[in-house]
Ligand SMILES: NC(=O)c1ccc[n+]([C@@H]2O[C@H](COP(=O)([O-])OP(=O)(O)OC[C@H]3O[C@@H](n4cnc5c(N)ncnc54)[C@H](OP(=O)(O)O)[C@@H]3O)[C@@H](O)[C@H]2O)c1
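This document opens with one chain alone, in structure tokens, the form predicted on its own.
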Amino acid sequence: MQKRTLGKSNLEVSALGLGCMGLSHGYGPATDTQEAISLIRAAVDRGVTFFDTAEVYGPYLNEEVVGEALAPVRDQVVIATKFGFTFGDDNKQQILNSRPEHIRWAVEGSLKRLRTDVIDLLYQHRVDPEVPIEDVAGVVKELIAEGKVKHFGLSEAGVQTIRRAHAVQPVTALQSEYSLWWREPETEVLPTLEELGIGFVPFSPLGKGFLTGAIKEGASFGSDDFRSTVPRFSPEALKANQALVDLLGAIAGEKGVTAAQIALAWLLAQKPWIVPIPGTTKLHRLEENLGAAAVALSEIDLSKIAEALDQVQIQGDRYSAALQSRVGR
């Protein structure tokens, strides 16, 4: 597996990471713990060194699984986790909370669950409008000085927030959604990251599974599957957006690879400091995703994809109104 460096930092990671959320949260029942551990360790065996989790996934369960899985190889991998929420009495309600004292409390919990003395990359999961980002960055700066954190990251933050945070404590990486069916970061975010020397970690690089071609028109999702609330996965949107999957399938067929591999290779080709983190619960999907690192797209290939994308009109918002209000701040 090739390596990449996130921005101007010294944080080197595998070109593709593993998003671990779906093993415990968001897409139906949690994967059996031992199966989840096996999958994470299989990723390590195949050269993945970058693993993404968060206290909110479960809550807490995913960090525990990741911590147990990676304990034997802790010195060989980079673990990213996130703070930024408190939870209601049922542990389901997510309440924004980036107060300095809560950040410290959250980090202590994450360290224990991850079975480590230091968090390699600590993200603010969502911007808290009640807490100045300078205060957030200041606390993380202190945690870095104390040796509990190595690098500071933001997730789904807007460009002004990124600049303000970066002025207090250099931001190593921004994590936000980016894929062939969500290209909004290209407008303002990517130029800002390039200017400041910040790496980019796209989550949902396969469109929450849609870009693999496995989700067909008429698909339905359980109430415990996050996609049941996403307008882009409504029956009407699925039908309309099938044109993008058909396009990817045609390009993939020409190159003898899969649609998912084209989608990931396209992301890797955008900038050398972009590190996608596709998630999966299945070994064969893990191997398919990692195979994308070996797919080379020429300038001609990228031009063809760009021209074809111009012909596809993606339909449906990527979040419900409530969740949309928490991004881009």
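Residue numbers here begin at 1 and follow the sequence given. In this text the structure is predicted, and so the values were computed from the model without any measurement.
The same protein also has a form predicted in complex with this ligand, omitted here; what follows describes it.
The candidate stretches are 119-127, 71-79, 87-95, 234-242, and the one lying within 4.5 Å of this ligand in the predicted bound form by heavy atoms is 119-127. For the marked spot (Phe50, Phe83 and Val136), a heavy atom within 4.5 Å of this ligand in the predicted bound form is absent from each of the three residues. Using a 4.5 angstroms threshold between heavy atoms, Gln270 stays clear of this ligand in the predicted bound form. Though the partner is left out of this view, Arg227 does reach within 4.5 Å of this ligand in the predicted bound form, counting heavy atoms only. Although the partner is absent here, Ser38 is not a contact residue: none of its heavy atoms lies within 4.5 angstroms of this ligand in the predicted bound form. Taking the partner from elsewhere, Gly153 is found to have every heavy atom lying beyond 4.5 Å of this ligand in the predicted bound form. Though this ligand is absent from this view, in the predicted bound form it lies within 4.5 Å of a heavy atom of just one residue from Gln169, Ser110, Thr212, Thr161, which is Thr212. Applying a 4.5 Å heavy atom cutoff to this ligand in the predicted bound form picks out Gly19, Cys20, Met21, Gly22, Tyr27 from 1-31, in order along the sequence.
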